[in-house]
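Consider the single chain below, provided in structure tokens and representing the form predicted on its own.
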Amino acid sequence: MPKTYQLVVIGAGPGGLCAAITAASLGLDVVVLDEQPSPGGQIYRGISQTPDDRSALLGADYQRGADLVAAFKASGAQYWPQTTVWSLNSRREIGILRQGRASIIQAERVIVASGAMERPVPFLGWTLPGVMNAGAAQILLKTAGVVPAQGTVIAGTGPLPLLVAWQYLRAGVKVKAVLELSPGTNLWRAAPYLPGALVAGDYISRGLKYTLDLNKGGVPIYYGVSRLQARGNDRIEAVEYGWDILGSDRRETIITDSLLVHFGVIPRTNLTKAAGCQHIWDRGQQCWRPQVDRWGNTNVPGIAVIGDNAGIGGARSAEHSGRLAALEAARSWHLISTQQRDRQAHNDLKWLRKDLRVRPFLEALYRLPDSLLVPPDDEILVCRCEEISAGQIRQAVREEHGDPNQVKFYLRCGMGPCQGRQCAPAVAQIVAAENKRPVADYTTFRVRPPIRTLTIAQLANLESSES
């Protein structure tokens, strides 16, 4: 391997692909690192190999990725598929696992485009077999055409449950119900932002289309649902939920062997935290995200963060931010002047501002209540890796372990294979609730490499970029 790479892009979703295409066209030597076997990220997962009939049922938004992937393949940027990034530091040294071998490579400039993850929200029964994230189910549909054989229930908040239900309906899957867990009061919270959302694009019309098509297809959609539970012994057998009808609180049960859940998405921050990037609490998105400027620059010289990795904005916004970061990278290498960068960035900056105008509406409409973010029952398992319950975390706080990292040291929650990705948000919410303080007052778990699982043999045989 060369000792140093001019520009390394981590992630091959829409933002990473646009960054690589633009940077390569401006004369930069670009390497794109991607965990997946083919480019496209989550939104365009497997687009190069997806059969035409499956691509058609997934909709126009998915099909749009074919042109982007084709442009990337023709760009001249190097592409390293099936490459796991397990470390990134402030010196832009990147630990990778490729073809079973761990190594360290050096980059003059890094663009982190590793996207978002589904927000983990623990609830009773969420660890039962048959319960999975809606995004994971969508991956199975995109890459392998795998769907629940006996139908499914889809529950949660945000646009994705509607989209997955719509795609399943087109695929002939029985969707037994869509359960919307956002409080009804969110409608009043979101109303002031509706005019801005209407001029942001076709987001609202697409959501209405999905809803109308589901109604025509006989899929029931229930709003104002609360206290979601998955019931069963060795696997899920039923979904139970509360439903407020005209002021009377009812409990309903749906027999099912499959439950798909989704509670929005949050930026993947393990890499950026490991690199020492400054993070801020985003009140609208209810999560921590890297602090970046309009070009994606962080406080760490040479490291930029784009797309949903820098704050949730969607695929179109990620494309714009990818091109902006690439222009800034070319300027930093004196391949273009500041004036050329600003001139070429004009349209992307304008389109990005327009595209993001829908976000305040969506964030208000699908804002999660504390009853979801803070697991109400002590027996709910919060840390799946170390099997730590909400009650154990509350007890640790009462014993004066007053912040998430102290709870981590005491109970080992966040020290398992997922390195806190699945429990860190809930632990912080529980600690804040117990102390009656805003969750923004608490930093989440500190991150140390490796942030992805490596074997002892792989670490022992670590190769440096100089070897």
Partner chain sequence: MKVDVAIVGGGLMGSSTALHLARAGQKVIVVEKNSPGRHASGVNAGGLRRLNRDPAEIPLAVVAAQMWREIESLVGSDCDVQLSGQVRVAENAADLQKLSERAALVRSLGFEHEQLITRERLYQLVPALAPHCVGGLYTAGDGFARPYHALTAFRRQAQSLGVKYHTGFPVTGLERLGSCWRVVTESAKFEAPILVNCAGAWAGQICAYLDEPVPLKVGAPMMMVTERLPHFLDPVVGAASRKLSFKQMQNGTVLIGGAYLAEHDMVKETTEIDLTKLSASSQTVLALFPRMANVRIVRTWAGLEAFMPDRIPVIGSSAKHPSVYHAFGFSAHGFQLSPVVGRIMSELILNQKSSLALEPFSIQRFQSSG
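Residue numbers count along the first chain shown, from 1. These numbers were taken from a predicted model, which means no experiment stands behind them.
There is also a form predicted in complex with its partner chain; it is not shown, and the following applies to it.
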property: Residue 27: touches its partner chain in the predicted complex, heavy atom cutoff 4.5 angstroms; result: no
property: Contact test in the predicted complex: residue 98 vs its partner chain, heavy atoms, 4.5 Å; result: no
property: Interface membership of residue 187, its partner chain in the predicted complex, 4.5 Å heavy atom rule; result: no
property: In the predicted complex, residue 438 touching its partner chain (heavy atom, 4.5 Å); result: no
property: Three-residue site 91, 386 and 410 fully in contact with its partner chain in the predicted complex at 4.5 Å by heavy atom; result: yes
property: Interface residues of 428 to 453 toward its partner chain, as seen in the predicted complex [heavy atoms, 4.5 Å]; result: 446, 448, 449, 450, 453
